[in-house]
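Given as structure tokens, the chain that follows is alone and in the form predicted on its own.
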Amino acid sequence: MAKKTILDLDIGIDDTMALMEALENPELDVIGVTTTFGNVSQATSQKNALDLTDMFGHPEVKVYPGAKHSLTDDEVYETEEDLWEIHGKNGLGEVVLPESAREAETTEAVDFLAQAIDEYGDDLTIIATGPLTNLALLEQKYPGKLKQAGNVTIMGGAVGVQGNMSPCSEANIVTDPEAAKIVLEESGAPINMVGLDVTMRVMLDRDRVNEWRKLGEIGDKLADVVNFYIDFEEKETPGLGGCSLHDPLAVAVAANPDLVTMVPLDIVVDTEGEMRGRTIGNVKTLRSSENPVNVAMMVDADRFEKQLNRDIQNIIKAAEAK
């Protein structure tokens, strides 16, 4: 039976692919999307969630408004101009999609998460591919609630490789390390951490992306979206020929954990100084058998890349047919 699944997204380009993988993966039954900030503002993430779920033929997937800023900020988060080159100002590489006629739900993300955990318990999977603010707010409002979920899979962190925002920090974690500390150190939730250790090992190349154009107008638009991301990654790493697959890999691991090899670690999140945003194993508890975070360290890249490309093509075909 497919796992009841909530996606917690800051919808940029790789989140878009993550949403497609979640909607198409037979192991997952997406019951809602909670939105947050990160790649874009929460408001833009919310709009993208509504537009994309409609375009993919899944208007039954409701969208719930979440955190607008980190735990330590008071002002609404907006991406700065120097970040627009990664996902575009609209989070979709400046590609304009048909606008959804739907509105987001009036229930806040935190309350929806709590209600879903109460209803589904061990049968619920939560996949978070942005900053962990919504999950931390859940813990603050409903202490102990997160550990009642069956699984929490996050895209974030870097344990054995350099970070992508500083030598030691990954973007989702460093955007709100105080939230990450609550979730990873204090919640006791059953967590799979899918970080740069594995997401940098998988790639989608431009030739595969351009194959989507043969599938119709939706495929053409999505190829434009993802090629924007590839352009940025090739600028950063000349000759790369594609883009890393951070968020969609987290979704695939939530559905099929055997895609990766995991190491159990008691993860510590640094919140101060030069190491702010670092995620690292606690050396004092390495001998303990009660390490709450399973950290992905190796991935079957070929299997995943083929699976993602197949699922993306299938959801485009289905959407074009509607």
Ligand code: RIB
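In this text, residue numbers run from 1 along the sequence as written. Model, not experiment: these values are computed from the prediction.
One more form of this protein should be noted, the form predicted together with the named molecule, which is absent from this view; the next part is about it.
Remark: N134 does not count among the residues lining the named molecule in the predicted bound form, judged by a heavy atom distance of 4.5 Å or less. Using a 4.5 Å cutoff between non-hydrogen atoms, D14 counts as a contact of the named molecule in the predicted bound form. Put simply, D176 is far from the named molecule in the predicted bound form: not one heavy atom of it is within 4.5 Å. In the predicted bound form, at least one heavy atom of N39 sits within 4.5 Å of a heavy atom of the named molecule. Of the residues A114, V202, V209, L196, just one reaches the named molecule in the predicted bound form with a heavy atom at 4.5 Å or closer; this is L196. Stretch 164 to 172 is the contacting one of 102 to 110, 209 to 217, 164 to 172, 137 to 145, since its residues have non-hydrogen atoms within 4.5 Å of the named molecule in the predicted bound form.
Annotation for 123 to 137: the only interface residue with the named molecule in the predicted bound form is T129 [heavy atom within 4.5 Å].
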